[in-house]
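One chain is shown next in structure tokens, namely the form predicted alone.
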Amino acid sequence: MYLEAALNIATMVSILLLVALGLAIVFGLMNILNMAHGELVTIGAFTASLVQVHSGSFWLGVVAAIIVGALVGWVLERGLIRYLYDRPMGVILATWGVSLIIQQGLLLLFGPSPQIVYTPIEGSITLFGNPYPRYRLVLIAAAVLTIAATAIVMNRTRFGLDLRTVIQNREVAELVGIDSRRIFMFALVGASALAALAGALVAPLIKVVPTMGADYLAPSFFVVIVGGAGSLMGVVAGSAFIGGLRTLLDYQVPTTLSQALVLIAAVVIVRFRPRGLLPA
């Protein structure tokens, strides 16, 4: 029972980590709140479903989801957000409108019925005498690899150095020749691709419908705030806190009550640690 609970916690933490990572880059590092982040997760899930139905390959759908997510992020940045970098409230309102457009567009194209996404790895593996679904273990491994790859990009590449320089002091960065708008464009495109990747990977475990993005926007926002805006390790800490607490409470109380209790706990943490558990 304890092993199963631990693995369920790890699965929930992995899902939150995958979903919140893109938001952490856009909000935590760029100070932009993309209200269409949940819809990018939805686009990833729908892309994976569509490609799997026509090709029979889930993993090809995951690759396609990353590409489609990056393209949507590029269009969003080039067509809208680039004009609003100095107007945070404008970004919130504009991306909220985009989220509604995406929701209704998917509803018109696919209808309200859930889309089919088959688990690519069937069966269970026995751990200490307890069976556990193989794909959930793959999801946990994917979350670890994704956060490791993101950390490498942020800390070991020229792009990561330029992005951190722009975040610390945009004026000085531009004086030394760094194109801040170009850096922000690539960051938003990468964050969008990560959101779509999250949607594709969690699609076999959830109900894929046009409104599913709304279920992920608030939890991922809580993860970033609780963990510490602007910190990749803060995303890990926030995911562990929110996901672990919610999973443990789900064993004891109804889901609606557990979500409310997690929200209260998040508010308490922000009250006493305004910069989060592991601030940048």
Partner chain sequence: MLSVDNLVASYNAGPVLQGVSLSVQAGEVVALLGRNGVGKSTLLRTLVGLVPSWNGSIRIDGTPLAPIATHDIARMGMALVPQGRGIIGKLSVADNLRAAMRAAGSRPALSIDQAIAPFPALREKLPAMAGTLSGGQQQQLAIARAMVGRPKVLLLDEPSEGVQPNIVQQIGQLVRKLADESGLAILIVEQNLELALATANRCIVMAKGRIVHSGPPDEFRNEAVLRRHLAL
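Please read all numbers here as calculations on a predicted model, not as lab measurements. Positions refer to the first chain, counted from 1.
Just so you know, the form predicted together with the partner chain exists too; it's not on screen, but the next bit is about it.
Among heavy atoms of residue 89, none comes within 4.5 Å of the partner chain in the predicted complex. Interface residue remark: residue 161 is counted as part of the site for the partner chain in the predicted complex, having a heavy atom within 4.5 Å. In the predicted complex, the partner chain stays beyond 4.5 Å of every heavy atom belonging to residue 122. Contact annotation for residue 177: at least one heavy atom lies within 4.5 Å of the partner chain in the predicted complex. Between the partner chain and the residues 109, 116, 172, 152, the one pair within 4.5 Å by heavy atoms in the predicted complex involves 172. Heavy atoms within 4.5 Å of the partner chain in the predicted complex are found in exactly one of 197-205, 78-86, 91-99, 178-186, that being 178-186.
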